[in-house]
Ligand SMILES: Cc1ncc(COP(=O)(O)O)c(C=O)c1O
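This document opens with one chain alone, in structure tokens, the form predicted alone.
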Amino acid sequence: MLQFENSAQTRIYLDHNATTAPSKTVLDHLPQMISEWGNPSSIHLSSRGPKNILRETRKQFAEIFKCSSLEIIFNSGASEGNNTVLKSVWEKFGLEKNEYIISQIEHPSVLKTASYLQTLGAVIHLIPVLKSGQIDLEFIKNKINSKTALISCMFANNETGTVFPIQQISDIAKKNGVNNNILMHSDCVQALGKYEIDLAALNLDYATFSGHKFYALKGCGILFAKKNAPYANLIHGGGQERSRRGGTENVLGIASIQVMLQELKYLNQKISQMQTLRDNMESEILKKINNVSITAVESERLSNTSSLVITDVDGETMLMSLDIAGFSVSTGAACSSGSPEPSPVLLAMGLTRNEAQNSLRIGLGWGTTEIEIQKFISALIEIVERIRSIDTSSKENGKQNYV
């Protein structure tokens, strides 16, 4: 028999930038969603329910995010979407237009795909990010030339929560490109469920999303590809997704996205609640723990995200202590967990190696409560005091031994 370890009921989850638990609404709809198990590509009665789920999800997404339903491609998530975008642009232009301008703090699915394209002859210009968390717009302007094919910048950073001026970057791309044909891509994963997104206003050619980042199921995502934007299949197969992505669609995952799209009508309320909790949490931590700084506090940030640097407290030790105490947080991006190296994002922003190693990321969710935050603050205070006292004792003992 399968064994499942689920201690979620006794834990306080504050790592919503890594993933989110399926919402209660999604869980309530699961029996109905699972009952629609037919293949949407078939033409008999059993396919009609699944086919309708795909159609309605496309329609709702297009209405909410201001695009055409024909510009939506269902896939496995943003990592697949990001790979598809960069490789599509390369396949279209190759060495003819082989320069890409990409922010230095993108998700690995962008940066590693860019590194792969370098092996084929692409020239990658990494946009510096300032310590404030903001991106260097002048760098973008200076690097644009007739060989520029694509600019890629995430909507919001997964570690610091910094929101980037995507519309402004897109305007730079369109105004400075030869014949206005520089393509613009944004990884919008972290913004979904935390920020209002208008694809028409942003003037993007591509945008990528993942369902599990906003309370839908894992294994399903959406790629927005503007009409006439270059597109090459990453996965070849049948005629699914208007022959743009082979493989039977993940109907269950798509259905969960449809459920959550309907919940976005409460988005402004959720944003306000998370920001109030986040701001109060940061204020309390700064008052009660000395030598703490908030990364990118000067910049616009996602309402739910807080990246702290707590001096003289190793982030991994702090994370493990909080984990034992019943709190799920992180020291950086989940995709880099297990690495002994400090966060590449924080290093790219100009933090020292020591500062990056003393970092802690807190990601609030729609359901986070004030009581949970107060419990977290109390636990953090106690853990920081304990770690610092142990460290101080060790140093004093070391001096005595040396003498």
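In this text, residue numbers run from 1 along the sequence as written. Because the structure is predicted, anything quoted here is derived from the model rather than measured.
Quick note: we don't show the form predicted together with the ligand, though the next part is all about it.
Q: Classify Asn158 as contacting or not contacting the ligand in the predicted complex by the rule of any non-hydrogen atom within 4.5 angstroms, answering yes or no.
A: Yes, Asn158 lies within 4.5 Å of the ligand in the predicted complex.
Q: Contact with the ligand in the predicted complex for His212, defined as at least one heavy atom pair within 4.5 Å: yes or no?
A: Yes, His212 lies within 4.5 Å of the ligand in the predicted complex.
Q: Spell out, yes or no, whether the shortest heavy atom distance between Arg245 and the ligand in the predicted complex is within 4.5 Å.
A: No, Arg245 stays farther than 4.5 Å from the ligand in the predicted complex.
Q: Quick one: is Asn82 in contact with the ligand in the predicted complex, heavy atoms, 4.5 Å cut-off?
A: Contact with the ligand, yes.
Q: Out of the stretches listed (212-220, 139-147, 90-98, 323-331), which one is close to the ligand in the predicted complex, meaning heavy atoms within 4.5 Å?
A: Result of the contact check: 212-220.
Q: Report the residue, out of Ser109, Asn250, Ser299, Asn203, that has at least one non-hydrogen atom within 4.5 angstroms of the ligand in the predicted complex.
A: Filtering the options by heavy-atom distance leaves Ser109.
Q: Select from the listed residues Ser186, Thr162, Gln190, Ser256 the one whose heavy atoms reach within 4.5 Å of the ligand in the predicted complex.
A: Going through each option in turn, the one that passes is Gln190.
Q: So which bits of 37-67 sit within 4.5 Å of the ligand in the predicted complex, heavy atoms only?
A: Not one residue comes within 4.5 Å of the partner.
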